[in-house]
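Okay, here we've got a single chain as structure tokens, the form predicted on its own, with questions on binding and movement later.
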């Protein structure tokens, strides 16, 4: 069986229990070497074949997975974060379907979750934002026009931008053009949960300079929105006058 496993955001103990157990049973692991923490590979048993996919094409990855799969064999395709987000797994799964090969997905902890943890914030605050938009700037990979940063910014919701930290000036300009005030809180989180993790906090207007001064231009998430501020309403869920199925207000 072939398993697409989310390795988590970076810290080796943030992989799921299921993902770790599969690594411990694996006969072959094809891993995203540019993003996955190499410490996770120490979980594999002696004799496990380790293949770095950083220099491989789609056809080469699929060929390696198909060659490794067989009766009684466990093959792990190890992706960073959660593989369903910017993991380019659909094309791999479709290729395996065409070959009639079995596979399963094992979710992982996404880096956007790790970024919130390291920033010590909640993305969805009452009366601030109840929506989180996960997106990216267009680059060599295009983005549908209806999903441009300018269009998404019009909602004023919490935004977490992947694959965009190398374009901070352009990104922040689009955010302002879309409707965010220049003083909207913003942050860049570099390698969330890794030992070399770095956080830069500022506003939409100051973030490009702060990011440049910190030398951050890749492997980072950009968080935008008033969830980074201090003004919010307490949740009604825990209010003493709020009744629900497990508690009746006096």
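Numbering follows the first chain given and starts at 1. Not measured: the values here are computed from a predicted model.
Below, we turn to the form predicted in complex with S-adenosyl-L-homocysteine (SAH), even though it does not appear here.
Picking from 215-223, 50-58, 22-30, 199-207 the stretch near S-adenosyl-L-homocysteine (SAH) in the predicted bound form, with a 4.5 Å limit on heavy atoms, gives 215-223. Shown without its partner, this chain lists 173, 105, 133, 163 as candidates; in the predicted bound form, only 163 has a non-hydrogen atom within 4.5 angstroms of S-adenosyl-L-homocysteine (SAH). Interface membership of residue 189, defined by any non-hydrogen atom within 4.5 Å of S-adenosyl-L-homocysteine (SAH) in the predicted bound form, is confirmed. Although the partner is absent here, residue 85 lies within 4.5 Å of S-adenosyl-L-homocysteine (SAH) in the predicted bound form, judged by heavy atoms.
Taking the partner from elsewhere, residue 158 is found to have every heavy atom lying beyond 4.5 Å of S-adenosyl-L-homocysteine (SAH) in the predicted bound form. Under a 4.5 angstroms non-hydrogen atom cutoff, S-adenosyl-L-homocysteine (SAH) in the predicted bound form has residue 80 among its neighbouring residues. Applying a 4.5 Å heavy atom cutoff to S-adenosyl-L-homocysteine (SAH) in the predicted bound form picks out 9 as the lone residue from 2-24.
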